[in-house]
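One chain follows as structure tokens, the form predicted alone.
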């Protein structure tokens, strides 16, 4: 495909509640940082893609609340309702269409102003399943139990993910929940929905993120450190939980395979230096790493127990702390792209895994229990 690069990155600090700012002010903060990082003004942005969700915002046509602060006046502006990786995908395609040279992509959430259990309950079939009271946590508890039981993975293996990612979040200045935990701390934390305990579950967060994408000729004029989009793909599975085996992630496998092929990736351990994965729950990091092909099915627990996903492992996973460190719904996937890009630029600060990061993977999820996945491969050149 034609060459497109990330040339600007902006991310707010994420917190349990940012009462001091409105939705618009939160997005404005991220947009301002992204434009400053790129060293350009809003006049150099050709079009805007905002990413939001009416349910989480509590209003219809939620994107209208942040269009102006995203710089949408007198520009072509579109909205994607879902995870930020999908919003970025649409922004990418707008440049690849040949119509635009630069695209600003924004995503945000204020979980503190929402009731997540009621919102995620609305994602289920309204006739047969919604009345059961299922929400994202209880549904993912079902997935976790199925996955752990099928492959003999222990709750302690999942706890190791929580220990690692909360620990990594201590190095992330934007994270909400950096903590020094032990496996015992995680295992003794309050049971929410068996087998998921408090520290197995990502926090509810307020936060926003923005990135600037540019066509190659524009990118080279804007920055001397472009982060190139080398491969990207997404795939969706069945909507109804009963229509798929929750211990599998077929959509992720297909999306990852297509992204690897586009990027020319043949040996993951040699060519992928790190991954930023959508770990809304601790078990999901294990399940998604298997779907991404980092290890064989059922080996995710062994991978984390052996330290292979730590900062000095074969493919470090979530050096930023991932979603267990902060989870602004909708923005979460775009933040994974931003964190991966910072690593490639060598600008990740205390989170930097090594000086020379050639390629990084970023991953986002839409839907309950990983119904759809979006995989990005980013690189230096």
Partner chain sequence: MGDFWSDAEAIIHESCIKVPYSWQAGETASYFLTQLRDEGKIWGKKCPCCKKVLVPPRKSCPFCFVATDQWTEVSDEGVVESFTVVRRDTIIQPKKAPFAYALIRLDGADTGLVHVLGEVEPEAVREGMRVKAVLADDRKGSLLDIAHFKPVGS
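Positions refer to the first chain, counted from 1. As the structure is a computational prediction, the values presented were derived from the model and not from experiment.
Below: the form predicted in complex with the partner chain, not depicted.
A single residue from the set 305, 187, 198, 238 has any heavy atom within 4.5 angstroms of the partner chain in the predicted complex; that residue is 238. Distance criterion of 4.5 Å from any heavy atom to the partner chain in the predicted complex singles out 142 from the list 310, 142, 179, 265. Annotated contact segment (heavy atom within 4.5 Å of the partner chain in the predicted complex): 143-151, selected among 143-151, 163-171, 289-297, 210-218.
Judged against the partner chain in the predicted complex with a 4.5 angstroms heavy atom cut-off, the residues 11, 15 and 41 are out of contact without exception. The shortest heavy atom separation between residue 58 and the partner chain in the predicted complex is within 4.5 Å.
In the predicted complex, the partner chain lies farther than 4.5 Å from every heavy atom of residue 224.
Of the heavy atoms in residue 193, some are within 4.5 Å of the partner chain in the predicted complex.
Among residues of the shown chain, residue 130 is one whose heavy atoms approach the partner chain to within 4.5 Å in the predicted complex. For the stretch 18-53, the set of residues having any non-hydrogen atom within 4.5 angstroms of the partner chain in the predicted complex comprises 19, 20, in sequence order.
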